[in-house]
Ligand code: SAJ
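This document opens with one chain alone, in C-alpha cells, the form predicted on its own.
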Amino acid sequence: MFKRISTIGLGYIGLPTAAVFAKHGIEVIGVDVKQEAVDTINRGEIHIVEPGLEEAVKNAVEKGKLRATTTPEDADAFLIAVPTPFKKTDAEVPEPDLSYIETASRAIAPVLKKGDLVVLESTSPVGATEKMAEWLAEERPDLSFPQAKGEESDIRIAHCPERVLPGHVLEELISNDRVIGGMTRKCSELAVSLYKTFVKGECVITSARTAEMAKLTENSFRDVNIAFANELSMICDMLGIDVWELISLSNRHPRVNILQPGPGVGGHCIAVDPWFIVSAAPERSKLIQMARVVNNDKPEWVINKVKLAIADFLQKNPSKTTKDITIACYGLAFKANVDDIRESPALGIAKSIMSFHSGLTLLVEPNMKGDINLEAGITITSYDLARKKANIHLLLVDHDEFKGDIVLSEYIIDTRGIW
C-alpha cells in the first residue's frame, strides 16, 4: 500500500523514523530545510548522535531506500516531525509556536494527491492536528479533508506522537506501543497500517485530540514527579539529609516511585510539553504550572551553591582571588549519554557561571567534540584535564564517563548523586 513515504524534518525523531521505514523496504524521501543536514544524510552519514543510527542511515542510502532533499516530493504518506517551540514573548505562560508545522504543511500541500495520508508526529498542543488539516485545505481546495468530508475525504489526517527515549530511539520506535489519533476512523486505520510496517507494540486508536493530550500528559506527569524530587533535594540540603538515600528508602514502599533530582529539567519534551496544557487551561492547571516553576528555579539554586563554594574557597585561601579559581562543569546535555542540548539546564548553568565568574570555567561534555555550535567562546575540555585543573567541580549530567574515575575534592557540587 505504501511504496514511498516522506518524513518532513530530519532531526532526532524524523531521521530515525525514516531509517526504520527504509530498513523495512519502503522508499523514503527525507525533507529538511537545512542543506547541510541533507548533504550529510545523502553521504550516508548523520548530523546527530544516536546509537545505531549511522549504520542504519548508511545502509538505507547505499541500498537506495533513503534520500534527502530540501523540497517535498510525491509520496503516499507524509510524516511531519518538526519542532514546536514557544513564541518569544514576556508572557507568564508561554504560547506555543506552530509556525514550523504550518510551514511544513503548506510545503507538502502542492504534492498531495487523493488517497494520501498525512501524520503529525510533532509533539503539539491540543488542536494542532486540526490546524494542520485547515492549512492543507487552504492550499488545496481541489482536495477534500476530514474536517469537511469526514470518512469520505480525499486526504487522511492523523496524529501519532513519538514516545521514545534518546539513546534508545531505534529500539523503542519498534517495540513501544503507538497512540494513533485519526480525525476519522478511516484515518486512524490507514495510519495503523503504515506504522505496522515496523511497530511490534500495539497501535492504539483514539481521537486526534486525545492522542495530542496523551503525549502532553505523559511528560507532564514526569515533570511533576521530578519537581517533587527537586523540591525534596533542596529541603534535604537545608536539613543535612542525603536526598538520594532518602529517595532510595522511600521507594522501598510498594506504591512509591520517586524519580531522581537533578539541576533542572531539559530536553525537547518534559521541559516544554506541560506548557502546552497550561496554555490551553491556565486556570485549571495549577499543579502543572507549579511543577514548571520548581524545575525552572532549580538551576538558580545550583548556581547559588557554586557561589557559596567560591566564597568558602576564598575564605580558606585568603591569598587567592576569584581569577585564581577554576570551575569545571561536567556535562552539558539535557540527560545522560546523549549530545542533545535542547532546553538543557546544564548548559544554561554553565553559561551563567561563565558570565559571572572571572576565573577559568572548564566545560566537559564527552558526547560532543570541539566547539558547540551555539556561540563563540564555548569549547569542550577533556574530563582528565578538568579533574586535575579545577578547584570547584560541578557535576551536572550523570554520563557514564563520569562514573569511573570519580573526582575527589573538597569542593564538589554533585547534582546527580554519582560522586
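Position 1 is the first residue in the sequence shown; the rest follow in order. Every value quoted in this text rests on a predicted model; they were computed, and no experiment measured them.
Missing here is the form predicted together with the named molecule; even so, the following discussion is about that form.
A.B. asks: Can you tell me whether P146 touches the named molecule? I mean in the predicted complex, with a 4.5 angstroms heavy atom cut-off.
C.D. replies: No.
A.B. asks: Hey, in the predicted complex, does E162 get a heavy atom within 4.5 angstroms of the named molecule?
C.D. replies: E162 belongs to the contact set for the named molecule.
A.B. asks: Are any of the heavy atoms in C269 no more than 4.5 Å from a heavy atom of the named molecule in the predicted complex?
C.D. replies: Within the cut-off, so yes.
A.B. asks: Examine S207 and determine whether its closest non-hydrogen atom to the named molecule in the predicted complex is within 4.5 angstroms.
C.D. replies: S207 lies outside the contact set for the named molecule.
A.B. asks: Consider the chain as shown here, without its partner, and state which of G181, G331, G262, P274 has a heavy atom within 4.5 Å of the named molecule in the predicted complex.
C.D. replies: Of the listed residues, the single hit is G262.
A.B. asks: K131, K186, R222, R140: which sits within 4.5 Å of the named molecule in the predicted complex by any heavy atom?
C.D. replies: The option sitting close enough to the partner is R222.
A.B. asks: Hey, with the named molecule in the predicted complex, do T123, I226 and R416 all fall inside the 4.5 Å heavy atom range?
C.D. replies: Yes, the whole trio is in contact, each within 4.5 Å by some heavy atom.
A.B. asks: Quick check for you: of 278-286, 332-340, 69-77, 301-309, which stretch puts a non-hydrogen atom within 4.5 Å of the named molecule in the predicted complex?
C.D. replies: Partner-contacting stretch among the options: 332-340.
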